[in-house]
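To begin, one chain is listed below as C-alpha cells, in the form predicted on its own.
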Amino acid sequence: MEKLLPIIICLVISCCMGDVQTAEKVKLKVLHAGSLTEPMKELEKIFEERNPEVDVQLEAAGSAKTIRKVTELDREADVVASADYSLIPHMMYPKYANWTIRFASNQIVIAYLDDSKYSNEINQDNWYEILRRGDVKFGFSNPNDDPCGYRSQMVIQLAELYYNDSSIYDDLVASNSNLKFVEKDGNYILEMPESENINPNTEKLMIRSMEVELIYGIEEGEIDYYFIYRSVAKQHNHKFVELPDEIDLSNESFSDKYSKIKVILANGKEVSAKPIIYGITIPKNAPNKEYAEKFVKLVVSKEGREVFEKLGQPPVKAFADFPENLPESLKDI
C-alpha cells in the first residue's frame, strides 16, 4: 500500500490539475446565423488548435433571433455573425455595437431530395408550377426570426415579376397563411404579423424558426422542397434548383430590381431585398474582446475565406461599415 500511495497521489493531483485547466479555459461565445453552422465548426477547430486555452462555444439561430439574444435578452456574446449584415446596424447600433464587417455571400435556391414529389421534373422554369401542385408540401424559415425566411418571401414575389405571373405568391403563400404582399408606388410590401399569427396551412407549408430546422423536415419526408441558401443545400448533399440571378438575391447588377421588394418585420424593422451579404461584429459588452478580435480576424483571413469557399459559400472582400470604430487589431483587414 505504501508503494501505491505516491502513485495514487500523483493520479489525484493530475486529475485535479486537468479539472483546473478545463475550468480555467476562456469561453468564447459566438452567436451566429444557422446557415453559418458548418463553416463556424471548421473555424472553431482551427481557432482552438491555435489557442488551446480557449473553448469556442457556438450557438446557432436565425439571425434576427440571434441578435435579439443580445439586445432584448441581455445575453453576453463575444462575436455576433448575421446572414444579413444590415441587421447589425439596424438592431445593434449604437447601444450594442458600432461596426460591421461584411465577409461572405450566398444565394437562395430550392432544395429537394430524390424522393421529393416530381423531383425528376422540377427546373428553373417550372419550379413554381411544381410547388403549386396540391400534393406538394414545401417550407421556409420564419421571416421574423431569420433572414432566409424573409429572403424566401422576396424571391417568391420577385418571381411574379420575372415570370410575368401575378399569382405565384398568392397561390404558394398568401392562400396558405396570413402573409400577403401589397403593391404601393411600384414597391411590393409584406407586413409580417407576429409569429403566432402567421397561421400556415400545415398541409401545404412548413415554417420553422431557423432554416436549418427544415433539413430535418425534408430528410424525414415531411416536406418535398424548401427555400434555403445554396451553401446549406450543398453542405447537406441536397439537390437544388438554382434560380435566375434576377430573383435569387445573388447579383449586385439587379440591386435596383431587388429593392422594390420590402418586408416589415413584426418588430417594425423594414428590410429591402438586396444581394445576400453576411456581417460580423463584436458587441460592446463582449467579455473576451482580445480573443473575439482574433476570431473575427480568422473569419476574414485567407484561411477563413478558403473554409467558406470549400463549403459552397463564396467569400467577399472584407468591407467594414464605420471602419474608424474597428478595434486596432482589425483595421488592417
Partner chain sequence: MKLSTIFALLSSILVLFVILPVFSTFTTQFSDLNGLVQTFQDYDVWRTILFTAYAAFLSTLFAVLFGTPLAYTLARTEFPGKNVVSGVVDLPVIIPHVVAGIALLSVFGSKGMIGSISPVKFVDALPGIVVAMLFVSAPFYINTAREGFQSINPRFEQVARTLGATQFKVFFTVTIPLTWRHIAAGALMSWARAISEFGAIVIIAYYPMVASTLIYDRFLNSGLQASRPISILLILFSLSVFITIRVLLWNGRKNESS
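Numbering follows the first chain given and starts at 1. From a predicted model like this one, the values you see are computed outputs, not experimental measurements.
There is also a form predicted in complex with its partner chain; it is not shown, and the following applies to it.
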Query raised in the report: If you check 241, 198, 161, 172 against its partner chain in the model of the complex, which one has a heavy atom within 4.5 Å?
Result: 198
Query raised in the report: Of 65, 294, 274, 305, which one comes within 4.5 Å of its partner chain in the model of the complex, counting heavy atoms only?
Result: 65
Query raised in the report: Is the gap between residue 84 and its partner chain in the model of the complex 4.5 Å or less for some heavy atom pair?
Result: no
Query - 4.5 Å heavy atom contact, residue 126 to its partner chain in the model of the complex - result: no
Requested in this report: Verify the contact flag for residue 137: yes if a non-hydrogen atom of it lies within 4.5 Å of a non-hydrogen atom of its partner chain in the model of the complex, no if not.
Outcome: yes
Report task. Evaluate residue 230 for contact with its partner chain in the model of the complex, applying a 4.5 angstroms cut-off between non-hydrogen atoms, and reply yes or no. Result -> no
Query raised in the report: Counting only heavy atoms and a 4.5 Å cutoff, which of 161-169, 67-75, 242-250, 180-188 contacts its partner chain in the model of the complex?
Result: 67-75
Report task. Report whether all of 194, 202 and 210 sit within 4.5 Å of its partner chain in the model of the complex, measuring from non-hydrogen atoms. Result -> yes
Report task. Heavy atoms within 4.5 Å of its partner chain in the model of the complex is the criterion; list the residues of 143-179 that meet it. Result -> 144, 145
